[in-house]
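The form predicted on its own is given below as one chain in structure tokens.
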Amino acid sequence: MSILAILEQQNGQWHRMSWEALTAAQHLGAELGLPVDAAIVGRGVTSLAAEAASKNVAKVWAVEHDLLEIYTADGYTAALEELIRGTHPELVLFPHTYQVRDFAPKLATRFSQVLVSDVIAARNEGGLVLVRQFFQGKLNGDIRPSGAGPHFASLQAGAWRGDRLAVAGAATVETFTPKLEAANIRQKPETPFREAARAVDLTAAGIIVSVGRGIKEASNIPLAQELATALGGELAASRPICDAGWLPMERQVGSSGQTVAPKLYVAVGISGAIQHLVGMKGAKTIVAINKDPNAPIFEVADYGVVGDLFEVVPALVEELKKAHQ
């Protein structure tokens, strides 16, 4: 038995969430005492498989076929079904991407299983326990897969940190060629889904300054922008700020916005509603500035400043400017 992490690539480039999925697999492998394997699906993916083999895994499968060059749900489902039936993993993990949402439920159904989607945590408690959220993040629920495996789960962006991936390793790479025929592919591949062009991609930002209701008025937004500029980061916001039109929706962080995992996340005047925490809890370091000492944001913050943001932020900006002189 093993844990199999399905790593996603697009046009020969890793999806950023692939390493998060592998980090989760390593974490659970240690908890459950199971070896960790990885698989990459496509055509010409041997170089990517070799890169994955440098991580702390037991084996990497390069699932190769001409019919897998362009993604289709039929092709990926059939190929991975064949691999899983031949290797018998106990648990199959995916990053919770658009592509995974398309084919993974179908793949799980082939084994008379369900896909436990958007998992935020997992642990060994006399067996595997998967945690996911309900009612827009208001409740966490424990799910205990029962019966024989394989079990299937997709992992929420930012729930595991890709920079905590154990990288010491030299795993075996094995090419797996599934028995695919053109007749197996019922879909006609079209241009892959692309989100609308954004002026900023917060998921790629290393530093984010995010502003909440505490900013009071739209005219005060430049104060937070000044801090973001001084830090060399991007400006973001909680949902009320974007709903009010004070910042564009592309800068919203939270369950209905973007999920981010920067090195530094500065929450300015944000109380810490669960819907917002869902989108930023993967940050490496969280600094919260809020005048309410009981604000929920302080429960997740690494550093907290209890004070009036209209006094604290200008002081921070001034000190940052001095440091750069």
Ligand SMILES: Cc1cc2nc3c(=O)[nH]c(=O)nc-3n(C[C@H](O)[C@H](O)[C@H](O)COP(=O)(O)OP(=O)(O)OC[C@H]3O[C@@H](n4cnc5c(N)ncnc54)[C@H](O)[C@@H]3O)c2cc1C
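We call the rigid core whatever largest set of C-alpha positions still superposes within 1.5 Å between the two forms. Since we're looking at a predicted model, the values are computed, not measured. Start at 1 with the first residue shown and count on from there.
Just so it is clear, the following notes concern the form predicted together with this ligand, a form of the same protein that is not shown.
Although the partner is absent here, Q156 lies well away from this ligand in the model of the complex, with no heavy atom inside 4.5 Å.
Contact check for K284: every heavy atom lies farther than 4.5 Å from this ligand in the model of the complex. In the model of the complex, at least one heavy atom of F310 sits within 4.5 Å of a heavy atom of this ligand.
Proximity of Q275 to this ligand in the model of the complex falls within the 4.5 Å heavy atom cutoff.
A heavy atom within 4.5 Å of this ligand in the model of the complex is found for one listed residue only; from P105, G233, G214, G162, this is G214. Only one of 247-255, 170-178, 84-92, 126-134 places residue heavy atoms within 4.5 angstroms of this ligand in the model of the complex, namely 247-255. In sequence order, I289, N290, K291, D292, A295, G307, D308, L309, F310 are the residues of 282-321 having a heavy atom within 4.5 Å of this ligand in the model of the complex; the partner itself is omitted from this view. Annotation for G214: C-alpha shift of 2 angstroms or more between the shown form and the other one, rigid core superposed. Here S255 counts as shifted, since its C-alpha moves by at least 2 Å between the shown form and the other one after the core is aligned. After superposing the rigid core, the Cα of M17 is displaced by less than 2 Å between the shown form and the other one. Annotation for the pair L165/M280: C-alpha atoms recede from each other in the model of the complex, by 3 Å or more compared with this form.
Between Q275 and F94, the Cα spacing is smaller in the model of the complex than in the shown form, differing by no less than 3 Å.
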